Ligand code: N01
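Here's a solo chain for you in structure tokens, the form predicted alone.
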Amino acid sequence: MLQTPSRRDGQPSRRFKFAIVGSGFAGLAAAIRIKQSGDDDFIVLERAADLGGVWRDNRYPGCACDVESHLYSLSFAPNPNWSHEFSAQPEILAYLRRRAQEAGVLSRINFSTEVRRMTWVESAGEWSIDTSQGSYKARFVFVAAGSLSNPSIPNLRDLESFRGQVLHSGAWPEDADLSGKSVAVIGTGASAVQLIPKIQPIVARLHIFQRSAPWVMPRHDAPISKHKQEEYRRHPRRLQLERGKLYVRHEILAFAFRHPIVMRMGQRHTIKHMHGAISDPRLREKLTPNYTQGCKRILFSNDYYPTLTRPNVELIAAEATGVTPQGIVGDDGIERKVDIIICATGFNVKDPPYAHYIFGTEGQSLANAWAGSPKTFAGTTVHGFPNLFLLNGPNVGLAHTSVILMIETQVEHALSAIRYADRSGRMIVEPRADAQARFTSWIDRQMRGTVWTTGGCKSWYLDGTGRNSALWPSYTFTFRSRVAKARRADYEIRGPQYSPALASRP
């Protein structure tokens, strides 16, 4: 583990202006922008032994990004050397490591430091942070723990009785050996669609449990030539132009999500993609979704459908419900003997784990304050939780383009709100309750009539109350125009006068 930064007297310093929880895209974006702003008084707390977030943890075979590489990267840290239009996990992780090193923030990360509790101390105008490596104090906290960080394990009857191996796509072991094994995959979401074609050639038998059929569109991937990479290195404006073209293309897609009639018109192209690979009418029927395209996450693959036609593959249009010592049982009542069960079942998004260990002004947890339906101001701050900034949290997710665009806007919003506090000489900045209520009301109005609320499916986008608290309901340029610069009128600035002496007290 990297050493905690020290004060000038050589003693360990545990008090910082900024603490950042997590070192994935969001955490690194915050750290780099803070450092670029001229402030070096920050620490990054990372529970794992390496940085990277989801791109560290998701290393299953075939793991890759569904957004083109030149758009799925930090705008202030472009990479002319992407090898493919859509990058695979190892290349994305290498990009994050390189950017952290080059930006000079790697030394500010405390690895193997799990945050266990964060408590707001009003009198001091700071957060008290308890971790596996001791306690820290921070005036401002960026929570970059992510919504895709804690794997969701399916509720299977008698799972503990299984004598084989149980894996999760979000926590893939490096020594996993599927060769010649009989394997069951639970789920047909994004990770499953990438994973299944990669493992099918090496397993003896592959049973796929599909609760609902996904919409799977073609993936237009291609290598980026060395000549093109060199061109991007020599002419950065051409790289900016490529990113701009990708941005516009993706923003156009948002219109279809907001107007389901357009999405339904486009479904025939996706059905044509499926029929081009599947000739069996019974298999086609299993693979035809019964909801509007876009209601759940749209997937991209050229080899998923062909894989389902292989002789060692069985697609089961049923939910896995239980486990026996030798196999797995679906709600069709049939037991299938397997050696390995792979849970490609995503993450615990509806109830973010971090919300249970953050305690605000009233002493209640963020989870209790949200009561099953997360609400924020500007997707970033929460009334009752001062000096706290959530990155890539509620109503910031996207279905049509790169979420990095949202994260960068959130960081700008946070830094502009913090500047209000710094200029006033006060310690505390908190969104006003009425500002948060207006923002939430606007979100809910914009969500009406979208494919996510009218498409006829049950998705992880919807929380326990039926509200879509996961996605942004509009365009990213709308988010930027509403959020990038914090408005002084939306925030309460209060608390003790800030002074360097106060900030450096032990």
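This structure is a prediction, so every number in the text was calculated from the model and none was measured. Numbering starts at 1 and runs along the sequence shown.
The discussion below concerns the form predicted in complex with this ligand, not included here.
Interface residue remark: Gly360 is not counted as part of the site for this ligand in the predicted complex, having no heavy atom within 4.5 Å. The shortest heavy atom separation between Leu93 and this ligand in the predicted complex exceeds 4.5 Å.
This ligand in the predicted complex is not approached by Lys286, whose heavy atoms all lie more than 4.5 angstroms from it.
The shortest heavy atom separation between Leu148 and this ligand in the predicted complex is within 4.5 Å.
Residues placing heavy atoms within 4.5 Å of this ligand in the predicted complex fall in a single listed stretch, namely 291-299, out of 384-392, 109-117, 174-182, 291-299. This chain lacks the partner; the member of Asp463, Asp444, Asp66, Asp41 within 4.5 angstroms of this ligand in the predicted complex by a non-hydrogen atom is Asp66. Of the residues Trp452, Phe439, Trp472, Tyr60, just one reaches this ligand in the predicted complex with a heavy atom at 4.5 Å or closer; this is Tyr60.
Residues of 365-404 include none with a non-hydrogen atom no more than 4.5 angstroms from this ligand in the predicted complex.
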